[in-house]
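This document opens with one chain alone, in structure tokens, the form predicted on its own.
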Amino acid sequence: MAISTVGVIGLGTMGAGIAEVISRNGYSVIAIENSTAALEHGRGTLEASTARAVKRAKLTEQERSALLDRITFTTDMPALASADLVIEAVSESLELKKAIFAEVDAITPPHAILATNTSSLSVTDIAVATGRPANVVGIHFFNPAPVLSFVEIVRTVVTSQEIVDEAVAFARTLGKEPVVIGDRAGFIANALLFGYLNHAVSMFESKYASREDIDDAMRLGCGYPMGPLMLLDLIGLDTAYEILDTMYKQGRDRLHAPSPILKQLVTAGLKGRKTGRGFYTYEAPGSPVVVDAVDTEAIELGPTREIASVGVVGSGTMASGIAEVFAKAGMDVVLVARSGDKAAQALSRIEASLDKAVSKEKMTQEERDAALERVRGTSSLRELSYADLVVEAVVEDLEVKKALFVELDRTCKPGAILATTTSSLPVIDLAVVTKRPQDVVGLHFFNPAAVMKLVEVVRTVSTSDEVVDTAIAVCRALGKHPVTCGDRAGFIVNALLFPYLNDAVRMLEANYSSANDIDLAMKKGCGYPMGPFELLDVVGLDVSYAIQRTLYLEFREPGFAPAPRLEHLVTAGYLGRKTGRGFRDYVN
């Protein structure tokens, strides 16, 4: 069937974007709203969006005029009598959608495809409201529809293959990358995204970390385009609540039960950007400009200790990267390794990294030479006796780290701060083996330390305010962005990241979709730099399994239990890129 005329019902942000992208690709569009006021608002949205496209040289003025001319704006549902495809994009109410589909079914010709843009509701439940459920399919666009190239094509158990094929072909004519999936709550992207978002809300609600630190941690630590709380404001807290509630009712996964604060904000009318206030307050309804954000870099600190000399214990990639960062910031660094050879290897790694920075014009030859002169290697912990700060970056083994902290406590001078760069182990377990628990803090750098700006500053119940403020000041001096949090498994980033990765593995185990399609969904639909399986293979499945197991043992949340597939791959020795095989095979 050749599709030439497309109906779009609902001209909110999503519907207007869908109408724009369809018209932009040469189709005639019948745009429907339920009132004149709503219709004019939708028309205004389209006109503003296309005007921005002209300003950014994405469209010419002639193309914009032709695009708008191809759209017929009306409140008259019978106008859909000539449509070959109708896409519904109204609010996430099952009863409302069913009523619309029943009405459209009576109006449109028998060959017409009836599609819903629902992000979480059952397409099957919507389809049975018509007399032609075989012609009903989900076509789930992502916001903003004119920009994001991913589309989920959702088939029910009764959707005909011909209709699925036509929906896929249509999406491709729009320049989209479609993935066909079954009718399950949240589909791919939202099923993974909203569990993560809900977890971030719970973290904020418990006052574990500030909204700015949670958002900054995920942007800077994972490369996400937007932090979870600001993303929820963009999506709309009412929409997020409905999606989570629907997912919970279908799957009964407690991790999808909406956090109470979400309902409270929605009930109070604080629905995010569209109302001018959600987790953040905005300049005006619909504005992206936040007016109450806290500049964490400007927060004044209390008394701090002077840090001039630094010790780094370890010889791996992380240890050498941390040593390099301190040296570039003008501090004298002693790097302690298990042997002289290991220390030499770490120094060679630092030298190679500095040479690379010079070749990329990130620093001068003089700066490189000065930084290298500030670092010396040794195999003796006694060399740390004069250090003001010691950062431990050895293997992620609690017993190994505890033994090291006993030695550091004996060796280091009074007042020296002892820090661990552990990514998941309890910092307090290291603090209590010393006679100075008030001087122990977590400084979780991210790999590669020389590049990544984020550092999680982890305070235990014993860490003094002076030590926390000193750690923050040190991070700022290094040109890093510190975020503070309590001593809880995973801290901020890993506590949010790894349950999401684990959910992706469970989705694969259930044969709901392939690793390639799941990765595509999260990269193209959510703007993530890597899909979950790409990332798992890079991190290392053994590392991922260990972190996930730590999270499960701390929180005792059934949903955090490591997915069996992950455990089986680790047992088989398939650890990702470093072994040549993980969720994918790699050519060394």
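Note that the structure is predicted; figures quoted are calculated from it, not measured. Residue indices: 1-based, along the sequence shown.
Same protein, other form: the form predicted in complex with a small molecule, not shown, and the subject of what follows.
The stretch from 55-63, 559-567, 26-34, 540-548 that comes within 4.5 Å of the small molecule in the model of the complex, counting heavy atoms only, is 55-63. Of the residues given (178, 228, 490, 146), 146 alone sits with a heavy atom within 4.5 Å of the small molecule in the model of the complex. For the options 113, 313, 243, 389, the one in contact with the small molecule in the model of the complex, meaning a heavy atom within 4.5 Å, is 243.
Highlighted residues 49, 193 and 234: every one comes within 4.5 Å of the small molecule in the model of the complex, counting any heavy atom.
With a 4.5 Å cutoff on heavy atoms, residue 532 does not count as touching the small molecule in the model of the complex; it lies far away. Looking at residue 142, you'd find a heavy atom of it within 4.5 angstroms of the small molecule in the model of the complex.
Remark: residue 520 does not count among the residues lining the small molecule in the model of the complex, judged by a heavy atom distance of 4.5 Å or less.
Put simply, residue 525 is close to the small molecule in the model of the complex: some heavy atom of it is within 4.5 Å.
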